[in-house]
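One chain is shown next in structure tokens, namely the form predicted on its own.
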Amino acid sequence: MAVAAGIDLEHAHAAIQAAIEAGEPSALRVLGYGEMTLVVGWPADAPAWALKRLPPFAGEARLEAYRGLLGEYLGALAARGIAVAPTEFAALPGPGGTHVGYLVQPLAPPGRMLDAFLREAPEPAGRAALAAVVATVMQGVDERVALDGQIPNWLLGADGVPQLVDVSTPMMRDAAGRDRLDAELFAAVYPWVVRGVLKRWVAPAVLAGYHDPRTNLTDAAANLLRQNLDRWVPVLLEEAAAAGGERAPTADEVRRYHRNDTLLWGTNERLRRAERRWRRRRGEAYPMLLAPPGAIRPKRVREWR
């Protein structure tokens, strides 16, 4: 299946599936391990595209529901003036009668992903980029629509406007305030004994934070700490205060959030590894390629004062 010029998605899918079955990246060019996704540069020898693999969909109905929600989400973001990196969605048959979805995007030019940009940027350029992200979060997040404002989720376009690259979690609510995203898609990679708790309590609580501008920006600031980009935390907080006033997070909130976030996702990582071991002992395949230990939450190398 060709999704865009130069991509044979079936070939890419076969390579990714082989790596998942082997439990290691093999010849893949892994760009990032998300909590629920895998991002691969394709083709591996000269990447021109970023392929984001989603967890398998248990049935065509769930696949089509996600496809429809993603289309609505992209439309809602566009209506709010939020730039999104060009994104296509496609799916292929997966193991055991499942369907595997892929988000396909052009690979970002070197140094244009926001986290990479901030590592080398002078203060005025970095401040301008973070101010644009703050403004985008403020205008794009409310009770009906949300986005994940974490730093690695932004690409700086040639015009300097930040483009959202992570739209794999279409965060939308209905008129009654209920999340429309099927939490089963993401809970399925965890042990069955915790899936009910994840779907009923954890997932709604996590999604609720992204619908609140203050919590969203707190998460973005804490992500700067996660990326060892400490020097930019005060800058983001200053820009948030200038744009949001009382809705801006405080330094103490960011510190607490970072500690809790580290504990939460460390637990999630251990749970996924436990589920993979359990399935392998039963002769079953685990549907995701997990990051090497500690890769999702890198070791801190400095402390923000």
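It should be emphasised that the depicted structure is a prediction, and the values quoted were computed from it without experimental measurement. One rule holds for the numbers: they count along the sequence shown, beginning at 1.
A second form of this protein, the form predicted together with a small molecule, is not displayed here; the remarks below concern that form.
**Q** If you check 187, 113, 233, 74 against the small molecule in the model of the complex, which one has a heavy atom within 4.5 Å?
**A** Checking each option against the small molecule in the model of the complex, the one that comes within 4.5 Å is 113.
**Q** Select from the listed residues 121, 108, 91, 172 the one whose heavy atoms reach within 4.5 Å of the small molecule in the model of the complex.
**A** Residue within 4.5 Å of the partner: 108.
**Q** Name the stretch, out of 28 to 36, 268 to 276, 59 to 67, 242 to 250, where some heavy atom lies within 4.5 Å of the small molecule in the model of the complex.
**A** This holds for exactly one stretch, 28 to 36.
**Q** Looking in the model of the complex, any heavy atom of residue 50 within 4.5 Å of the small molecule?
**A** Residue 50: contacts the small molecule in the model of the complex.
**Q** Under a 4.5 Å heavy atom criterion, is residue 153 part of the interface with the small molecule in the model of the complex?
**A** Because a heavy atom of residue 153 falls inside 4.5 Å of the small molecule in the model of the complex, the answer is yes.
**Q** May I ask you to check whether residue 166 falls inside a 4.5 Å heavy atom distance of the small molecule in the model of the complex?
**A** So residue 166 counts as contacting the small molecule.
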